[in-house]
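Given as structure tokens, the chain that follows is alone and in the form predicted alone.
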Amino acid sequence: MLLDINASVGHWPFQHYNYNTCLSLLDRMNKYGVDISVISNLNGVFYKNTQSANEELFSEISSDTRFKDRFIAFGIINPIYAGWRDDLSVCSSKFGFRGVRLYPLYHDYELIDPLCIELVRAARDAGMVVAFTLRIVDSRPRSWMDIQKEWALKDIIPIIRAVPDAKFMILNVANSTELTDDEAALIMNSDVLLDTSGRAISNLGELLKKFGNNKFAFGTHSPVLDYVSGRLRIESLRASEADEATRELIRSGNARRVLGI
């Protein structure tokens, strides 16, 4: 089974993307043998009211019975926008979303902002996973209107330390994975998944030794990145790096555990 924990629909204002609707993404999933994709709506990164994007996503998934069993929706929530508590409640109880994706760099707040910590705790209490995307696009050839800052793995540590019993997904780890021993221990002792889409996961065999085989899950970062690198990083593991049971954990087992499916 293949379960992609990092895909999106919707539009990116600085570049045209294909496969950014549920229907076109489903065609791509069928072509490459992906059974389920966790998706959110990219529009929510730029909407002042992110709930509008969540409503769009719910409407799109509800529009075709084929989507019900193939997509798992995450809402985009901005904790410094008035009404986010109601938005989170609607996403969880009415829309049935299984998680939230947060974009502090784009929505301009700090990870240790009390409202961010409150949101992560509220998501935890609702049984929802919290996902952070460390990089959406490469900042070097960015539009002048896009943000410049990118995160490394260590930058996400403060929120895990603040709410260590939440469930986290860390997506598109494109920069350094270097951590202190204490930071690495926090990752290993928390319910954290890193997806395989990021450039820094090219050394997956070494990372499995460092963090353990229960910390990684297949991800594509579609439609921004190509659709095969995240899978190749799993299938190219040497026998000395991962057995078939470990590969299956990365393909879907770890994600199913964190998502509770």
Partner chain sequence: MNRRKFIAGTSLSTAGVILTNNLPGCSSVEQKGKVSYDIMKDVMKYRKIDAHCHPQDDLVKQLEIADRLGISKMQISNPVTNFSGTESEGPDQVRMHNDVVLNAMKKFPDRFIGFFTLNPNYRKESVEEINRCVDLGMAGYKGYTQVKVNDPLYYPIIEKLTDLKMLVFMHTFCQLGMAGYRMKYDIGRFPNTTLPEDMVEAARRYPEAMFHFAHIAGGGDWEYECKMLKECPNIYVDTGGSNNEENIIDFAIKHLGEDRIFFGTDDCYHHGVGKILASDATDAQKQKIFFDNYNNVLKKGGHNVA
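Positions refer to the first chain, counted from 1. In this text, all values refer to a predicted model and were calculated from it rather than measured experimentally.
As for the form predicted in complex with the partner chain, it is not shown, yet the points below apply to it.
Although the partner is absent here, Lys210 sits far enough away that none of its heavy atoms falls within 4.5 Å of the partner chain in the predicted bound form.
Proximity of Val224 to the partner chain in the predicted bound form: non-hydrogen atoms within 4.5 Å are present. Leu237 belongs to the set of residues with a heavy atom inside 4.5 Å of the partner chain in the predicted bound form.
Interface membership of Asn18, defined by any non-hydrogen atom within 4.5 Å of the partner chain in the predicted bound form, is confirmed. Of the residues given (Ile72, Cys116, Ile160, Met169), Ile72 alone sits with a heavy atom within 4.5 Å of the partner chain in the predicted bound form. Only one of the listed residues (Val38, Ala53, Val34, Leu193) places a non-hydrogen atom within 4.5 angstroms of the partner chain in the predicted bound form, and that residue is Val34. This chain is displayed without the partner chain, yet in the predicted bound form the stretch 87-95 from 102-110, 150-158, 176-184, 87-95 comes within 4.5 Å of it by heavy atoms.
Taken together, the three residues Asn78, Leu134 and Glu248 lack any non-hydrogen atom within 4.5 angstroms of the partner chain in the predicted bound form. Heavy atoms closer than or equal to 4.5 Å to the partner chain in the predicted bound form belong, across 194-221, to the residues Arg199, Ser202, ordered by sequence position.
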